[in-house]
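Only one chain is given next, in structure tokens, and it is the form predicted on its own.
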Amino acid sequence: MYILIDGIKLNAKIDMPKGAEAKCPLCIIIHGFTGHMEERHIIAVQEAMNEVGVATLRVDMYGHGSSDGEFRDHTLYKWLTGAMAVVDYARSLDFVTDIYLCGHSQGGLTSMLLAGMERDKIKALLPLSPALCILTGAREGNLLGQEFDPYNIPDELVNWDGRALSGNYIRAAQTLHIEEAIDRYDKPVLIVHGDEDEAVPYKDSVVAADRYKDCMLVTIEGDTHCYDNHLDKVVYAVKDFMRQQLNN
């Protein structure tokens, strides 16, 4: 199905728990930069949620997967606007009792920013390997492995897969501050991060977890950005956290 926002169609899919009651909670799951909602680690989290009785709403964000928009033109602003529309859609569903929010990498960063904006709508937050380095890299002039002058932003950067990315991506990222979003969100948070992440610094999650008012950091030892080695431990952490939330 599609969620429509200002003429842009975001590809989305709802998965219900087996034997679901008439009403149940729902978790929105957001993939990362260059990713999509059918990736192995996204599916694993979706299935984990369904197993503990939580419905899921997976979405391909602007310029990714089967959604509208060009990859080159996507920015965190467009992702945040889209994610807000997804939350509104989830709240319109008759069966939904509470809304949880989960995201991986850039989706994790997006979910953290969004939770600060919509703290009254999100019951708990689950960032997975959140790419907080996007914001610092945009301000410091090092993003996607490329160095640039942050005061004279290039018209485009070339991503590792050869696709171009507009300089507007950097301009938008320079204006966003994760510290403010963290300080505004006082509900439960689970951060999961591999300590051998090759793409996003693990230490950023350590700092973020310490700053949140109510946060658990689960370190997946010896694992990568997309949990190539110990995805089962990620699944266990998500299930354990969600069971605690559902029993409160």
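Computed from a prediction, not measured in an experiment: that's the story for all the values here. A residue's number is simply how far along the shown sequence it sits, counting from 1.
Just so it is clear, the following notes concern the form predicted in complex with a small molecule, a form of the same protein that is not shown.
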Is the small molecule in the predicted complex near all of F33, Y169 and V200, within 4.5 Å of a heavy atom of each?
-> yes
In terms of non-hydrogen atoms within 4.5 angstroms, which of the given stretches 86 to 94, 174 to 182, 119 to 127, 99 to 107 touches the small molecule in the predicted complex?
-> 99 to 107
Does A115 reach the small molecule in the predicted complex if we count a contact as any heavy atom within 4.5 Å?
-> no
Hey, in the predicted complex, is I153 touching the small molecule, heavy atoms inside 4.5 Å?
-> no
Using a 4.5 Å heavy atom cut-off, state whether A131 contacts the small molecule in the predicted complex.
-> yes
Quick one: does L80 come within 4.5 Å of the small molecule in the predicted complex, counting heavy atoms only?
-> no
